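Heads up, the chain shows up twice below as structure tokens, two forms, tagged structure 1 and structure 2.
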Structure 1
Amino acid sequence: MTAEDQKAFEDEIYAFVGREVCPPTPARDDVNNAMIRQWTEIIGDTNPAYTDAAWAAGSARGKTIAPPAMMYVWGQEGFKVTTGRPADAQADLVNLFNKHGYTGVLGTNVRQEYFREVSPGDNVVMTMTIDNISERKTTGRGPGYFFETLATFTNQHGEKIGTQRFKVLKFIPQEQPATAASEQALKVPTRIASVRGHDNGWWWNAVDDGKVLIQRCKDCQTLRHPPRPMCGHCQSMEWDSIESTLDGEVLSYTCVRYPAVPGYPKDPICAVIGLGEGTNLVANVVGCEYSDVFIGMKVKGKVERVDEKTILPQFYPL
């Protein structure tokens, strides 16, 4: 691409900055108790402000609220997106990048800010624009551009609830040397590695040692999972952990049949397991057929190696 071609291309992509991706769109369903309950049960968040109407009635708010992190959930389109999304500015921008060889895509960052709470009966309205596009960058993935969308959420009165910024890298994939590509093709695929950060690395390290630990607040003894820095009950930052017996019960389950993912077994059964200690864990149910699984089924967990790089807790029917 010549310098003139490069400038013409950049003039085209930068013209997208400020364009509207989604006009103000009310959620199809108002904020409601059922979805809040399901969200908090799966996440394991026991904050009474979300689901305990009696507790909330005596609080300063006088009513329950939705978890702020659900802000983006209310306007999601659901199953119909599998039939294809209508054209919009973001889709047009992605197609323009693809046309010029920037076919690689990587989500790099998401940041939410919260300004106002919502309660059952409120309606969340989302507006989205393309906020900014970077200059051409040289990255480990290949040369490319970062673009960021800005979603703004308001309630039915036009009052701002919060914002979400989502940054994506569109890049030209680097070609692999022929020998490296050949060697890579011969390797047996493994599962996607767990993301280990400051707040959860200790948990995965324990799994590597054959144990499933449950984080416990030192001040109020409340158990919580997944790991996080603050107790949702008393807001203490002090914690230790206990080891789970891995006695459990199936609370919810599904079978991931399509598409098949390299490195994973065929038709894996993924379940939410209610542990005997009182917290929930997402894990695979093995040693049985999908048709044999049912809500309330008693299971026993084992921490075992599932491929050459990965150790995970898996649950077997009793």
Structure 2
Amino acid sequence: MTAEDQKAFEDEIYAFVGREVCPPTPARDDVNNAMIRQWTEIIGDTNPAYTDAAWAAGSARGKTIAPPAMMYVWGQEGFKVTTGRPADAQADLVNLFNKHGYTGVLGTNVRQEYFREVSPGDNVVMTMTIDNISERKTTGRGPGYFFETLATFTNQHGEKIGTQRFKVLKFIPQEQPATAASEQALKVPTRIASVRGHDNGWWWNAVDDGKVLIQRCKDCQTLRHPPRPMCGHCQSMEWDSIESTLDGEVLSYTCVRYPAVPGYPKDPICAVIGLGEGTNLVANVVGCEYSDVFIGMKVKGKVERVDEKTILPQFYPL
């Protein structure tokens, strides 16, 4: 593609930004108990606010509500899509990408925001537009563009209940030898493991069993971390350990943005956590945005599997 062709193509795709994919469309079925029950069973959500009418009658709301994450469910076409979708701006955009070789498609992320609850009997109305299209990016899958749709949901009174952003990568698939592709599929990178020796192996083994231990001097009871073979206070070689409750406070933190390392989440938040027991521990803070973290923030740790080979303590905001 020449620079002129590229420019013409981009002018054509960027003209889609702001276009309506779907005008305000009421769901064919109102919010109903049957759908809520099936959805929560599949998801495994046992919150009585969704399905237990007797419990809900005694709650502050006085009635059951639909799980907010179901917002997008109500307007789904259902079985009809197997016979084809009606043309809309999104379909036109996808066709345009396909025509220029950007035939690969990958849904990269979904982000929902909730403003108001709905209950059985309400009707959810969806509106959707093409919100933005990125510049041309080089990705691991091949060169491509990210486009994002913005769906807005209201109830039958026109009150906004939530929004959903859905980001899709349209890319030119890179040809790879079949064997290389299958090998790549098998090798999912994992985090760099900690080497286990005499003085620290027992600590990591306990993490594998779901516990964070703190070494304690048997003679003077001083706690120490990272583990060492001798007590720095009384020089005793005798030690045992206690299990941390993982109640902690952020003493400092950073977001490691660059360079990205294979096997690690993007932009991990790393922190020095002051544990309630008095020793410090370095670990990730998860379950919140970087901008939510501050020095002095109270956190609670959980030992969790983070990839195929790695189990780590992770800390969540309280």
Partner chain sequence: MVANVKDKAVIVGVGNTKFSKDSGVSELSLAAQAVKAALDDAGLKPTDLDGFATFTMDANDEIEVARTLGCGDLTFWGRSHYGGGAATGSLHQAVMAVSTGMAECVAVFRALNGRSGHRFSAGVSEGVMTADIIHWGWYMPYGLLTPASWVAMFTQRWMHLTGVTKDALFEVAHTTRNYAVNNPNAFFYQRPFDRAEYDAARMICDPLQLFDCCQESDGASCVIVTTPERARDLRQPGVSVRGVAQAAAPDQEQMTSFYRKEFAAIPEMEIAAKNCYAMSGLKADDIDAAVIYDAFSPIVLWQMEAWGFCGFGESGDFVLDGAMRPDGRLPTNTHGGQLSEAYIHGVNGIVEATKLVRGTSLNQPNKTVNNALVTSGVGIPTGGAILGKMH
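Start at 1 and count along the sequence of structure 1; that gives the residue numbers used here. Not measured: the values here are computed from a predicted model. Just so we're on the same page, rigid core means the largest C-alpha set that superposes within 1.5 Å between forms.
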**Q.** Pair member which, unlike the other, is the form predicted alone
**A.** 1
Q: Please check if Asp267 moves between the two structures, taking a CA shift of 2 Å or more relative to the superposed core as movement.
A: yes
Q. Taking the rigid core as the frame, does Glu159 move its C-alpha by 2 Å or more between the two structures?
A. no
(Q) I want to check Lys309: does it shift between the two structures by 2 Å or more at the Cα, with the core superposed? (A) yes
